[in-house]
Ligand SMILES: Cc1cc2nc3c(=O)[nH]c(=O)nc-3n(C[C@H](O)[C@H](O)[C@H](O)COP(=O)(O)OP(=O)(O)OC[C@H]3O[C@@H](n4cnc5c(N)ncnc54)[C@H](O)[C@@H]3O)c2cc1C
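We begin with a single chain expressed as structure tokens, specifically the form predicted on its own.
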């Protein structure tokens, strides 16, 4: 891996979090990682709010172009919704964004640059289907698996064919320009799925599709938003499809990162060094004739431009002066986060493999409605991961850690048998209760939001620019979308400067 020089990476006159000029080759100081007792002043060409993937990429590209950059991050770590969740034994498992698949070219290129390899998600054997109190097994090939006809597979296939035709008519990244945008944005995915299916099995799997990809009930999301989400699951040369969203082999869940996905932002942040200030949540952004002033805990920074690299919902918590245009302000009011927690249990071995199972499951009851095998590449121990999505995690919002653990293990036991009841370790990450995310994995649009306010997702408000996976054209909601948004906004800001 070619190592970029520190001077090229930071740009001429780059600033530390404390506002001092960094000499080429200077080592990051411990003081730069924590807020000082008093507020200090700093200045840069560009201040970036958020050290998730989008913010880090924007910082990398702008610094490489010779701009001085300061990144303000509320957390004590980089990565945002990409997080290595501690398991309690000195190791971690992905508590947030995790998978990579075909056409996710930008995150793949970044991981390669950072020296982070990938390996195939375990996908050998059969999947578990749990519905109406009954457990069944199904093969892993085809749309949602080669399921028996009595599960409504014919009904489902016909509905998905109709959905696929509609997806082709959505301009990727600009769904509000679709010929039927108003019609599609006036209804939920639930409404459409009920009008286009007749079997309970097909309807359940349609709901599972919305829940597993967005962590939202199908009743809560605009049909237009979901169509664009599927259309974005590709790249400039390959159209997006529902198959690519939901499948493991050949789909978005095909591979994982060696050492965990958090290795990518952690290594990138290490290269950026002292231009990142941690424990510095931004409270206000003031625009004046001389540029912008960004006020954060412990630091006030002035710049010509500012990039807000976070979800619309969290960006809306910042105080902007003067007030943002109504289109942007009201977009942020109408773009809520999904509801999700990730629960993992660690076992001596991945015992489900010996039972001929992939570790993947879908369920209509219990705290967990979808699972994956999160074991390390060598299978030296078994890790089951379960998504607690939408209504399931909302029911556990005020539950104790012990109650969440009990609910998670109860689900694993129903899906994979009594061996799942006694793990060595458990851990979980409740994104709904994480103040700097407010949910996950992505912000979604309810009916009416995209056609009324969609263009405000990316449109700069004077010197205030927007990034984050929600603003991406392709792979919105994924790590690839976050990288793409960072690359896009860096070009935008560099041109403006």
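Numbering follows the first chain given and starts at 1. Computed from a predicted model, the values in this text were never measured in an experiment.
As for the form predicted in complex with this ligand, it is not shown, yet the points below apply to it.
Only one listed stretch (42-50, 445-453, 61-69, 458-466) carries heavy atoms within 4.5 Å of this ligand in the model of the complex, and that stretch is 42-50.
Out of the listed residues 231, 396, 361, 318, 318 is the one that sits within 4.5 Å of this ligand in the model of the complex by at least one heavy atom. In summary, among the residues 368, 340, 301, 331, the only one with a non-hydrogen atom within 4.5 Å of this ligand in the model of the complex is 340. In the model of the complex, no heavy atom of residue 264 sits within 4.5 Å of this ligand. In the model of the complex, residue 129 stays away from this ligand, with no heavy atom inside 4.5 Å. Interface membership of residue 306, defined by any non-hydrogen atom within 4.5 Å of this ligand in the model of the complex, is ruled out. Looking at residue 97, you'd find a heavy atom of it within 4.5 angstroms of this ligand in the model of the complex. Residues 72, 73, 74, 75, 79, 80, 81, 82, 95, 96, 97, 98, 99 of 61-100 are found to place at least one heavy atom within 4.5 Å of this ligand in the model of the complex.
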